[in-house]
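Shown next as structure tokens: one chain only, the form predicted alone.
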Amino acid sequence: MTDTLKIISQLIADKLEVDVETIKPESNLTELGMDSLDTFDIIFSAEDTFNIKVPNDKVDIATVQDVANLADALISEQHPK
């Protein structure tokens, strides 16, 4: 599990008030009980945590791994090493 995936999993666990061990990369956000507002809260938290800006047209995510992949892509794009 990547560091980004671990952090995203923890953000989701905190939001849902569940044990982080219940959050798997393949977990579907809707099946975890997240609605669209919860999803946007996680996106905003990821923006703050990773100092990134998620463009509105890139919010096409279904799983926890999708969120981590999007964050990794935006980190690389917005903060190249």
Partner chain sequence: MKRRVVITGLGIVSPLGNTPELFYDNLIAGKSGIRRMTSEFVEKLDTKIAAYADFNPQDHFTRHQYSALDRVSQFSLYAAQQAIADAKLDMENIDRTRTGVYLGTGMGGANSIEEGYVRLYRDGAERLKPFTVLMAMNNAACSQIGLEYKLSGPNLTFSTACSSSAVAIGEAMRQIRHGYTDVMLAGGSEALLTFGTIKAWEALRTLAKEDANDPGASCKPFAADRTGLVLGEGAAVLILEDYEYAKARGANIYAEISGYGTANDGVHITSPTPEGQAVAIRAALKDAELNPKDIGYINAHGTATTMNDISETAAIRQVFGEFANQTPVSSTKSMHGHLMGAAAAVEIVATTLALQHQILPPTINLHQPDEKCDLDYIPNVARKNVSVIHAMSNSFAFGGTGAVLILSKESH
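Predicted, not measured: the structure shown is a model, and the values here were computed from it. Numbering follows the first chain given and starts at 1.
This next part talks about the form predicted together with the partner chain, which is not shown.
S.K.: Can you tell me if V54 lies within 4.5 angstroms of the partner chain in the predicted complex, counting non-hydrogen atoms only?
M.R.: Looking in the predicted complex, residue contacts with the partner chain include V54, since a heavy atom lies within 4.5 Å.
S.K.: If we define contact as a non-hydrogen atom of the residue within 4.5 angstroms of the partner, is D66 a contact of the partner chain in the predicted complex?
M.R.: Flag for D66 set to no.
S.K.: Decide whether E26 counts as a contact residue for the partner chain in the predicted complex under a heavy atom distance cut-off of 4.5 Å.
M.R.: Residue-level check for E26: no, no contact with the partner chain.
S.K.: Is there a heavy atom of V20 lying 4.5 Å or less from a heavy atom of the partner chain in the predicted complex?
M.R.: Because no heavy atom of V20 falls inside 4.5 Å of the partner chain in the predicted complex, the answer is no.
S.K.: Let me know which residues along 11 to 28 have a heavy atom within 4.5 Å of the partner chain in the predicted complex, or say none if there are none.
M.R.: Stretch hits, in order: D14, K15, L16, E17.
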